[in-house]
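Encoded as structure tokens, the following chain is the form predicted on its own, with no partner shown.
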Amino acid sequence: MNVEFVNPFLEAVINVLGTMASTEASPKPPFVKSDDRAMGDVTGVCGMVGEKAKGSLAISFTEEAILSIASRMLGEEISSMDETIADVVGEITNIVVGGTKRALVEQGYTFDMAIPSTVIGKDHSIFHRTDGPIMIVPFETDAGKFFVEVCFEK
């Protein structure tokens, strides 16, 4: 997979969490995913389709991480995995994809974005609907772990 697709997603995630949730996120070494099982407990997924490429992003948060991040974003204690968490994850995903879309336009790629979907539950599956490899970048924060999955085919 081309790094020119991955790096804008990572930069957008770091920026969004830093700005909206006062959370510093540190990427760890990436790896290629071999199955469809989510590594987190709640996942936001969004597809992107353009003339030159199509792909998708998934951001999968552990329960510990998203409860802390959502509490910081909303300014109140969030203690359960509910509709509020689904909304927060959907919004984070939407903002990240929007920021990434702007960065990729500067590189000559244009995309239409799908509406993000959110899945909550342990051991759920993520389907990217493209034939490209799925690159996972784990992140660590003081709130807990989350995982960014990027899958693109040209």
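In this text, all values refer to a predicted model and were calculated from it rather than measured experimentally. Start at 1 with the first residue shown and count on from there.
One more form of this protein exists, namely the form predicted together with a further copy of the same chain; it is left out here, but the text below deals with it.
Complete contact of Val45, Ala114 and Ile126 with a further copy of the same chain in the predicted bound form (any heavy atom, 4.5 Å): Yes, the whole trio is in contact, each within 4.5 Å by some heavy atom.
Exercise: Ala103 in contact with a further copy of the same chain in the predicted bound form, heavy atom 4.5 Å: Answer no; every heavy atom of Ala103 is more than 4.5 Å from a further copy of the same chain in the predicted bound form.
Any non-hydrogen atom of Lys33 within 4.5 angstroms of a further copy of the same chain in the predicted bound form: Judged by the heavy-atom cut-off of 4.5 Å, Lys33 is well away from a further copy of the same chain in the predicted bound form.
In the predicted bound form, Thr62 touching a further copy of the same chain (heavy atom, 4.5 Å): No, Thr62 is distant from the partner.
a further copy of the same chain contact at Thr118 in the predicted bound form, heavy atom, 4.5 Å: Within the cut-off, so yes.
Sequence-ordered residues of 7 to 33 touching a further copy of the same chain in the predicted bound form, heavy atom within 4.5 Å: Contacts from 7 to 33: none.
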